[in-house]
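What follows is a single chain, given as structure tokens, in the form predicted on its own.
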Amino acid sequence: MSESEPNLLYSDIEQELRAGVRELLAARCPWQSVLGRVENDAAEVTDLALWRELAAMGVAGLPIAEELGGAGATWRESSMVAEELGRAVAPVPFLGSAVLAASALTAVDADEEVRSLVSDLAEGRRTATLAVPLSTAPGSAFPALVRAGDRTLTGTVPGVVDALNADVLVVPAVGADGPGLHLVAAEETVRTPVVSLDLTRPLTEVRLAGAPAVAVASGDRAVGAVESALVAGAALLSAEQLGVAEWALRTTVDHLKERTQFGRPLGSFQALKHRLADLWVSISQARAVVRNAAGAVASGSPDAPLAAALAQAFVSGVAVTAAEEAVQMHGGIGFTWEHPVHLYLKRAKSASIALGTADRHRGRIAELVDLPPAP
């Protein structure tokens, strides 16, 4: 395989890491536990104790350099972890802290404060998130919801992921000198939970009223850092969606092998076999575009924005279809609160509009490959 060809396979090290993460999630994050957490107050949904255990395995700092406290791996390994977190609908701040915030911070000049924060994120001592609406897609204009003053920020950002329990917010803001990226202690902001379809991934409105801030990047550096974070986020989110789809297919197959009707397992009926086979093919295709996107982001390829857009445009629909098919093929029990499939359907539905809709990403693909506009 030449260096220019994407490697879509999993390495032995990735498979070992997968086994470790899956074992921990099976023990600490069964669906009964997730369901129990979403029935409580929104502030208690995120499992920070589980996150610290994952961080102790190196999960939080996989793509971060070893000298900054990370594991010195790449986004490929992080993508594989995202698959497992999606498979468990784990309520941990992986997307906000280990992907969006970490990616933005490692794209700026690392002064002592940034290095300290990145090290803490990698080791799970603190969590952070990028203060943009979760609907923000790669390729969007630089967020201008927050105004920068004299070392202060003012503005309101709706729908921020993983902000409710974060220690630090990485805030894009526009000031007299143009775009900038700033660090704000979360305790200096007013954070209000907002209703989210996916109860396992809380969203928060963040209000800053003259909040003290530390500038860490400005101008093109800040714009590039936010764009890098959004591209990495889109690529890693597609991996999580793949995990959701694989769980839905596996669980449905197991159910149809056990459930009988007219003296036969439901899975023996041809009509259901065809639907499952179609789903298996779609998931296999999804795995290829997810691995391609992870590899492109990991290598810093100029094709990373295109690969991430392609992954989001395709995998979003696959995850939603897989979850919907799981609900349908589980029959009546699939529509109950007591069965976990609704957690996966809500995760798939909400993820399909996070970091850009599939239509938005298809438009982005057309832009990136210079397709002429439709007549």
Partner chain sequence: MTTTNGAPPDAADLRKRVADLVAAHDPATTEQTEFLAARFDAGLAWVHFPPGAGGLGAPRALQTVVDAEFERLGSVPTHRDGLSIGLGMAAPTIVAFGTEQQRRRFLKPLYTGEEVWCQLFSEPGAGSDLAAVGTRAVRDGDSWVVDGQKVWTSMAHRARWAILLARTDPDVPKHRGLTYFVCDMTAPGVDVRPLRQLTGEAEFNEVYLDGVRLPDSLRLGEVGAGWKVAQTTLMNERVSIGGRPEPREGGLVGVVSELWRTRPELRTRGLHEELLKLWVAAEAARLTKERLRQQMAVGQPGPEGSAAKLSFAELNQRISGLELELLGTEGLAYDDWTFRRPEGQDPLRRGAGFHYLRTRGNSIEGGTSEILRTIIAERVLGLPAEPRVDKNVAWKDLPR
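Numbering follows the first chain given and starts at 1. Model, not experiment: these values are computed from the prediction.
Another form, the form predicted together with its partner chain, is not on view; read the next lines as being about it.
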Fill in the blank from the handout: Within 4.5 Å of its partner chain in the predicted bound form by heavy atoms, the stretch out of 273-281, 154-162, 88-96, 199-207 is 273-281
Fill in the blank from the handout: Picking from Met57, Leu50, Leu306, Val45, the single residue whose non-hydrogen atoms come within 4.5 angstroms of its partner chain in the predicted bound form is Leu306
Exercise for the section: Tell me, out of Asn292, Thr136, Thr251, Thr189, which residue has a non-hydrogen atom within 4.5 angstroms of its partner chain in the predicted bound form. Expected result: Asn292
Exercise for the section: Can you work out whether its partner chain is within 4.5 angstroms of a heavy atom in all three of Trp75, Gly178 and Val327 in the predicted bound form? Expected result: no
Practice task
Answer yes if any heavy atom of Gln261 is within 4.5 Å of a heavy atom of its partner chain in the predicted bound form; otherwise answer no.
Solution key: no
Problem - Pro193 within 4.5 Å of its partner chain in the predicted bound form, heavy atoms - result: no
Practice task
Examine Gly219 and determine whether its closest non-hydrogen atom to its partner chain in the predicted bound form is within 4.5 angstroms.
Solution key: no
Handout entry: 4.5 Å heavy atom contact, Arg287 to its partner chain in the predicted bound form
Key = yes
Problem - Within 10-39, the residues that have a heavy atom no more than 4.5 Å from its partner chain in the predicted bound form - result: Tyr10
